[in-house]
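Take a look at this one chain, the form predicted on its own, written out in C-alpha cells.
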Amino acid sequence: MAIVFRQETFRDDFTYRNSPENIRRFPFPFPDDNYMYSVNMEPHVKGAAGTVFENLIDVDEHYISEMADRALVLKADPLRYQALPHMMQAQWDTLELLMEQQAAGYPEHFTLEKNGDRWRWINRPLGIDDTFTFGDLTTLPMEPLEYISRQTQGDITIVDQRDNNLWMDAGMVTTQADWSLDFDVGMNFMEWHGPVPLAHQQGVFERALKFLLNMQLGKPIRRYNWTMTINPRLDTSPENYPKWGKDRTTVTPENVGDKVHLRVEVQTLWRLPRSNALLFVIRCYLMNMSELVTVPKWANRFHRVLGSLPTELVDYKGITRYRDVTVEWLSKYDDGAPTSAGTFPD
C-alpha cells in the first residue's frame, strides 16, 4: 500500500506531527519499567506488518520532508558528508544494499533494474529516474554514499575493520543527537564512544566491539538508542548547538506535551560484501509527549523510566533542565497499573 507522505518542517515553525497510525508503529525502546544499560543487540529480521520492522529499511510518512531537511543541512554545512578515499568500495556496497532494500520493501515507490553493471534507479517520491554504471563514479552526479544517503531516512556511517578494531571512515550525518561526524571521522570504536558514562565501567563497549568484529554477511543486527529533544528538530548537532541548546530552557508545565519529544534511534548494522566494512544505519524517530500518552502502556512505562533514571545519564543526555517537569506532567497519565511485557502497544 502506498505511503501518504506528509509535508512538514523540522525547524522554524516545527510542523512535524505523527499520524495516529504512525504513533502505534513508533519504536518504543523500553522493555521494562526501569532503565538499565545493555548491549541490547538482536537479529535484524523482518517483523510484524504495521511496525518499523516490517521491512529491513524503513520508509514512512516523513520521508519526503526528512530528505528536504537533509538537503538544507548539507547546503549550510557540506562537511556533514565525508568519506575517506579508501572507502569507495564500501560506498558502492552501501548504495546497492539501500537501493535493493527500498525497492524490495516499497515497490510502489522505488524500482531498481539491473542489466549487468548498467543499473536504473527510480525514486518516485523524489522524482528521480537515473541510469548509471555500478562501480563507475563518473556515471553518478556525486559519490555513491552521498547519492543514496540523500534518498534514505536516517544517518549512515560506514566503519572500516582493521587492527582488530572499527574505524569511522565515512558517513552522512544530519540527524544526530549531539555528536559530530567531522569530529569523529577517522576515530576507532572506543574513541568515539569515549564520552558515554557508566557503560565503560560495565564493559558494555568491549562486549559490543567483540560482537561486531565477528558479524557475518547476511546476518544484520539492530539495537535501540534514545534521548530526548525539545521541539521536533532532527539536526541537534554540536555544530548547531547555538540554535537548539536554548530550546531546553523553554519547557513549562503547560507546553511539555507539545515541546518535549522522545527521540529514538533504531541502529541497524550490516556486514558489506565486497569491502567487508560495517554499515550503520541510524534512523531517528521523534514523538512528543502528547502523542506518547495516547498509548497507555507507554505513558505508564516512560513515566517510571524517566523518573528513575540515574543522575549520570540525566546529565549525559542533556535533559536535566526539563526532566522533573516532564516526569510531573507524565504522572497524570500513569495509573499505577502493571505493564505488559515487551515494547509494543497492548
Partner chain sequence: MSQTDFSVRVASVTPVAETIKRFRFERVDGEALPIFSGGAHIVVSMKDGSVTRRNAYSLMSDPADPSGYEISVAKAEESRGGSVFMHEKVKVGDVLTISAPVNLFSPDWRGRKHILIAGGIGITPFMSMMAQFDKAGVAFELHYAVRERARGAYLEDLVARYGSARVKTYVSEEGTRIPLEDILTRQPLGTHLYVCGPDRLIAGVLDAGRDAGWPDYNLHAEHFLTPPPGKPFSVELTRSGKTVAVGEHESILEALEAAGVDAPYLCRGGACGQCETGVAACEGILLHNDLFLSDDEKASGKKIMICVSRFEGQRVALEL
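Positions refer to the first chain, counted from 1. These figures come from a predicted structure and were not determined experimentally.
Absent from the display: the form predicted in complex with its partner chain. The rest refers to it.
Contact here is defined as any heavy atom lying within 4.5 Å of its partner chain in the predicted complex, and by that definition each of N214, K219 and R274 is a contact residue. Interface membership of Q89, defined by any non-hydrogen atom within 4.5 Å of its partner chain in the predicted complex, is confirmed. When its partner chain is considered in the predicted complex, D163 lines it closely, a heavy atom lying within 4.5 Å. Its partner chain is not drawn, but in the predicted complex it has no heavy atom within 4.5 Å of K75. None of 67-75, 266-274, 221-229, 104-112 except one has non-hydrogen atoms within 4.5 angstroms of its partner chain in the predicted complex; the exception is 266-274.
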